[in-house]
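Next up: a single chain in structure tokens, the form predicted alone.
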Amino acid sequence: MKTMEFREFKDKLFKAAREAGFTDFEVYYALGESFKVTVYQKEIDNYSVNVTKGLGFRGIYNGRMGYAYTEILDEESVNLLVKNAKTNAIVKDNDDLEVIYRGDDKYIDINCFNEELPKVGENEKIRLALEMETMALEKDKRVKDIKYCGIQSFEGNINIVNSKGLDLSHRANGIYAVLIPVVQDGDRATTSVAFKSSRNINDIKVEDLVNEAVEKALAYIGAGVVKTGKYKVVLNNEVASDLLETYADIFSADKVQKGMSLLKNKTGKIVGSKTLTIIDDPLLENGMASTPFDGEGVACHTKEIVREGQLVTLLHNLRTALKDGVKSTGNASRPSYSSTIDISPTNFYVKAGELDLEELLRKMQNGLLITELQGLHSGANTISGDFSLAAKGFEILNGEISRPIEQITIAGNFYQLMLDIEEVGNDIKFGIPSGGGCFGSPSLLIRELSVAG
């Protein structure tokens, strides 16, 4: 059957939806392309190019929202989408009110697409990956292997068009590199991770990544354990960012309404120390999760979620906002055309303080600098906030690094940790972007955590 262009398909779909009895309806059309290469022992280990294209349809039938999606834009898909969305609306057992959004008066114009990046050929990306592996192996004779060495790039375009006159489009692209060398010390091996993401391939500086990854791994040589007890702790920027990402869902209004977050009835109340401010910034310049509008077409804006310890707002989409009697914060997410509406942060980060890492360590005097965590998916309870995680880092004596440590476990509770932040560093760093946002944090000085050696 003959396929159609998006606009022609949309017009036929809207006509069919109206005739079928839908009162309001919307299409979410997404085009995406990604490239990934990993290398091992000077050869390509994994290589993939993925192209995705699809259209999600949702509409209100008898007061309830129904969803359906297709990857083919033809006459048969028009009928199937209407039929499936209608069935979905009828059988739906959720009484939450969902709406199709009319749109805002103004959308901030932000550029998230580098026109030069698509001109970078696959051979150039493969060359970068091979060069990164070679340089890492030659950097130090104790580098015996490379656990992971890869380059990945992506670009995508989305359109949201609905029966209330909303017609929005946005496109974005990016590239990132990850390197994990293996350093051998006698019969003990250690690893470390270095990564970089950007919209400009010139920001992927291979030598800098190699130096960072290898020097970090070498620093763990001779690592020991510490006695079990309670310690003052500095979480470095990468560890703090990982923890924030793991527990970001506690700020989702949907999780709060479902009883899966302890922040219920805490808006306006103190949930963190005076030094803690958490920001969600969809308009962040060069932010890897920046966007002018959310998955429902609500205009995005920069906002403080926690301001100097006080919970200012939860993250809302239109459904949760209606339920709580507030305005949407523009955090509706729709990871793909086949997804229903959810909630996610955009560029979500802890606001930087004034002290650099060395000054944080001097302020702590004696304690632990934690630089890596493991088991975040299995050792962190995102409902209670409890965590017990394998970690490594350095013992700090008199404000200076004394020795590397590993095979320890740090345990605590994220809600309590927010209250126990004594100082925030100035070394903010963002992680690799994911479908759920991009997370960043400076290093954090924590009053106390339990540590098992």
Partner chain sequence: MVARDILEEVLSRALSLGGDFSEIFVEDRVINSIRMVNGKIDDVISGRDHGAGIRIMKGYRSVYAYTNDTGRTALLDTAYKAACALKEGEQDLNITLTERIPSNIHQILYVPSSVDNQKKATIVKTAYKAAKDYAPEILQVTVGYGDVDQKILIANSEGLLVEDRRVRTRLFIQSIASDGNENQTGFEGPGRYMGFEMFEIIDPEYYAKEASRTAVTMLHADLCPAGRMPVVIDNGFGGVIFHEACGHALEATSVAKGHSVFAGKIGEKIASEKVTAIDDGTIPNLWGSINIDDEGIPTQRKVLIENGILKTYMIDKLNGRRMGMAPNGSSRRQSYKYAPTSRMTNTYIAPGSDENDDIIASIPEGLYAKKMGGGSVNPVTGEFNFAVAEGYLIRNGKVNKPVRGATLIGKGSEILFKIDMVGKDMQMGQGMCGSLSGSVPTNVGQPMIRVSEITVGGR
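What you see is a predicted model; the values in this text were computed from it and never measured. For the two forms, the rigid core is made up of the largest set of C-alpha atoms that agree within 1.5 Å on superposition. Numbering follows the first chain given and starts at 1.
One more form of this protein should be noted, the form predicted in complex with the partner chain, which is absent from this view; the next part is about it.
With the partner chain left out of view, the stretch that reaches within 4.5 Å of it through heavy atoms in the predicted complex is, among 103-111, 278-286, 251-259, 209-217, 251-259. In the predicted complex, the partner chain sits beyond 4.5 Å of every heavy atom of Arg199. By the criterion of a heavy atom within 4.5 Å, Thr190 is counted among the residues contacting the partner chain in the predicted complex. Mapping the unseen interface onto this chain, Lys232 falls outside it, with no heavy atom inside 4.5 Å of the partner chain in the predicted complex. The partner chain in the predicted complex is approached by Asp145, whose closest heavy atom lies within 4.5 angstroms of it. Contact annotation for the candidate site: Tyr337, His377 and Ala411 all lie close to the partner chain in the predicted complex (heavy atom within 4.5 Å). Put simply, of Glu138, Glu76, Glu115, Glu358 only one has a heavy atom within 4.5 Å of the partner chain in the predicted complex, and it is Glu76. Asn84 is the sole member of Ser163, Asn84, Thr134, Asn157 with a non-hydrogen atom lying within 4.5 angstroms of the partner chain in the predicted complex. Residues of 319-333 that come within 4.5 Å of the partner chain in the predicted complex, judged by any heavy atom, reduce to Arg319 alone.
Once the cores line up, the CA of Asp45 ends up 2 angstroms or more apart between this form and the one not shown.
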